[in-house]
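A single chain, nothing else alongside it, follows as structure tokens in the form predicted alone.
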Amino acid sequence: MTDSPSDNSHSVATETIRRSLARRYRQERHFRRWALSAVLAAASVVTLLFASIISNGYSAFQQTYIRLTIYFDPALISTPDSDPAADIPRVLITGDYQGLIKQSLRTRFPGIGKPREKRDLYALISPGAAYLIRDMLMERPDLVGSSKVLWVPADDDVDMLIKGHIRRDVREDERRLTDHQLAWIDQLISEGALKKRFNGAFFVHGDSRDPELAGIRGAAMGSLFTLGITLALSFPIGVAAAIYLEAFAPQNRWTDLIEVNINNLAAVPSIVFGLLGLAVFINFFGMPRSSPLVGGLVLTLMTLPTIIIASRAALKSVPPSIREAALAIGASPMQAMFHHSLPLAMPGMLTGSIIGMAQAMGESAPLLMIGMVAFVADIPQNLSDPSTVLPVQIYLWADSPERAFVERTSAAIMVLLGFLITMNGLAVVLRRRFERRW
């Protein structure tokens, strides 16, 4: 008994479908493997980046200090043409504090008479240690004429040696420290007079030419002032613009033109906003260069499109029935928006604003155009003081030739990344805490 033609056709069709399904399932498995490989590759690159930053930067949170017994010799602190009783602050400011350190080193290591050896000995201590002693004496003038044991920062080369970034097993002319300096360092270590301590100066000092004294406080304050201006201007303006465009703007050519321009501005390179700020705020209005005020205005222009788009999306996610119900019971369009739609859309608006602030925090290109790339050692006290921000500080340190600035750069990147991760985490928490699903 033979199969009918219809049975043969059915078998062929079934076999074709089975092969097609097998091929599609195989392609799906290949796609999943490729997608998983892409995710693993991206995660590996990010892990490698973080590992490189952390391995280079964690040591910056410790600093090498040397213990010295400082005798506050009145002969080195006072000046012949000043009366200490009448003008103590001026006398203390003009004192020879570097001489106090040199005197202490000569007392600890007697018998050094050659000028070259003296220079090598004095180079063990950071040049900025004299200013730290001066500031301490300005607070306690009663120390004049007495002795005090102090831990002063070592020079950056000594710090790099202790942290293992300078090799000892090479010839003297191939390293930055001489054999005499290595012997003195070993003696200090054996006496317990040289130790690594927590580098508090990294968080409380401003920028410095000396790596061992450089800190991020000036850049952090500049970032705080700049982001404060940005948030105070961009959030209310962005939310108001989103409310108007979404609920009250008439549908015409002008509204369409505004919406298209907002979407286009969100994709404009950030340096263009820096050029705009340079031309308008500094050259035309004459605002102070390198100030957080101008930086905040520039970043406001850059973040406004992001906040407007996110706020409009949040308003669109609110069901129209809520607004219609409010209008049906007699609420005005303004009341329906501010009493019903806006509170429900606020979590999405806050999330978009936080992401916009995080984006502004990591920007450096627009701020370079308005002069916030200058070396600023002082801590800014107000919105018009010259300052810089963390991304620009990282850029400046990365361009420095000293090896000690490499770890400072990585440490500042760790601080910046920690801040950005915190802000993005806050956005996720707010979205999950207050978001309502319809």
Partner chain sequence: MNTLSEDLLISRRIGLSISTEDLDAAEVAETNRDTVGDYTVFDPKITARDVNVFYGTKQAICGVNLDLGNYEVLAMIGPSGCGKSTFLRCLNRMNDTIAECRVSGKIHLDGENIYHQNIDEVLLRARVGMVFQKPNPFPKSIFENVAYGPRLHGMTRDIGTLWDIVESSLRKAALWDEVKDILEQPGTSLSGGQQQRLCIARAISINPEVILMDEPCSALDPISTAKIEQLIDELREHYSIAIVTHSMQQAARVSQRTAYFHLGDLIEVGATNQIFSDPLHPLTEAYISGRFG
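Residue numbers count along the first chain shown, from 1. On a predicted model such as this, the values are computed, not experimentally measured, just so you know.
Omitted from view is the form predicted in complex with its partner chain, to which the following refers.
Between the options Thr107, Asn261, Ser190, Ser321, the residue in contact with its partner chain in the predicted bound form by a heavy atom within 4.5 angstroms is Ser321.
Interface residue among Ala331, Leu150, Leu278, Val272 relative to its partner chain in the predicted bound form, by the heavy atom within 4.5 Å criterion: Ala331.
Of the candidate stretches 164-172, 253-261, 193-201, 338-346, only 338-346 has residues with heavy atoms within 4.5 Å of its partner chain in the predicted bound form.
In the predicted bound form, its partner chain sits beyond 4.5 Å of every heavy atom of Ile237. Using a 4.5 Å cutoff between non-hydrogen atoms, Ala326 counts as a contact of its partner chain in the predicted bound form. Counting a residue when any of its non-hydrogen atoms is within 4.5 Å of its partner chain in the predicted bound form, there are no hits in 266-305.
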